[in-house]
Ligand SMILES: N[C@@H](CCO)C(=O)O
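A single chain, nothing else alongside it, follows as structure tokens in the form predicted alone.
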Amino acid sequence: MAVFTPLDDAQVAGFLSRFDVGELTKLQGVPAGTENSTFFVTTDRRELVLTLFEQGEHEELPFFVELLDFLDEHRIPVAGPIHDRDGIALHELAGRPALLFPRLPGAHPSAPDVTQCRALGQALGEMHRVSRHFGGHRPNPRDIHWLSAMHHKVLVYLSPEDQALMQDEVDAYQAALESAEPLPQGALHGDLFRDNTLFDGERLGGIIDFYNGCTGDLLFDLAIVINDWATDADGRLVAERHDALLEAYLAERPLTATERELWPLMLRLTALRYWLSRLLVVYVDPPAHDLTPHDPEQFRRILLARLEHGALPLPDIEARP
């Protein structure tokens, strides 16, 4: 169960009284999730989601509120936080920071099809196009600087072959990125796996869970998505899903020449990012709650597949007018 701080009806009813959302009729804890406590809240007027933040840097929560407000204002399919009657979104409940959201339609796509990949690619392209104008700033906490600083902590737990693989990859990323032209910057989701989306059939209901959101290389965000959405169980890219997602994305935001050049490397870098972060959870910094960590081997396979087979050709698509 991923409700780490239980709530009762009276607590939530009192919390809701600050907002113009109706009276509480039903409260249900959500078992999914690994970091925060989440509840489905039903009122006599609408369906909502209540999130209590259990860990992380709470002083960074205003950044996430500002980012979601910005994307919602630009009609990107996200759940913008609900503000109370005084215009305030971020509150405290049961000693935890709390945000209230509209509940978006749909479910997580465990095996996304081509149409769903196309819808996600279009939404991500739109998001990146407008997010370049977002005024907030939060450095990417999992970029090359983090990889360089943190990979040493797990080397002792790896085979000699994997130690060399990880060290060689970090060295290659540093050399390539230091000599390259700057990449386009903007606000990123930072963790846009399929379980951070909701689909109502083939229609994208929304993108959720922006709590790894940051600002940085837009290409980094896109590579995370391709490595999850367009990869098979062996770690190899699936051409149909890869092409559908990227064609829709590139119609909204074309890549620069430098982005196209660095694309194969960025696929590897983001694979290593998740291999390393999962190794750290297993061996160095286990979760605060009794949860099963994600398997690091999944992203080791993806990294090895990218090294062996490379990247698929990028579609040659003109952006929309």
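Numbering starts at 1 and follows the sequence shown. Since this is a predicted model, take the numbers as computed values, not measurements.
Keep in mind that the form predicted in complex with the ligand is not shown, yet the notes after this line are about it.
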* Asked: Exactly one stretch in 165-173, 149-157, 82-90, 191-199 has heavy atoms within 4.5 Å of the ligand in the model of the complex; which is it?
  -> 191-199
* Wondering, does N212 line up within 4.5 Å of the ligand in the model of the complex on heavy atoms? -> yes
* **is_contact(R46, the ligand) in the model of the complex, heavy atom dist at most 4.5 Å** => no
* **Contact flag, R253 vs the ligand in the model of the complex, heavy atom cut 4.5 Å** => no
* Asked: H294 near the ligand in the model of the complex, any heavy atom under 4.5 Å?
  -> yes
* Of F63, Y274, F70, W263, which residue is found within 4.5 angstroms of the ligand in the model of the complex when only non-hydrogen atoms are counted? -> Y274
* Asked: Does anything in 230-252 come within 4.5 Å of the ligand in the model of the complex by heavy atoms, and if so which residues, in order?
  -> none
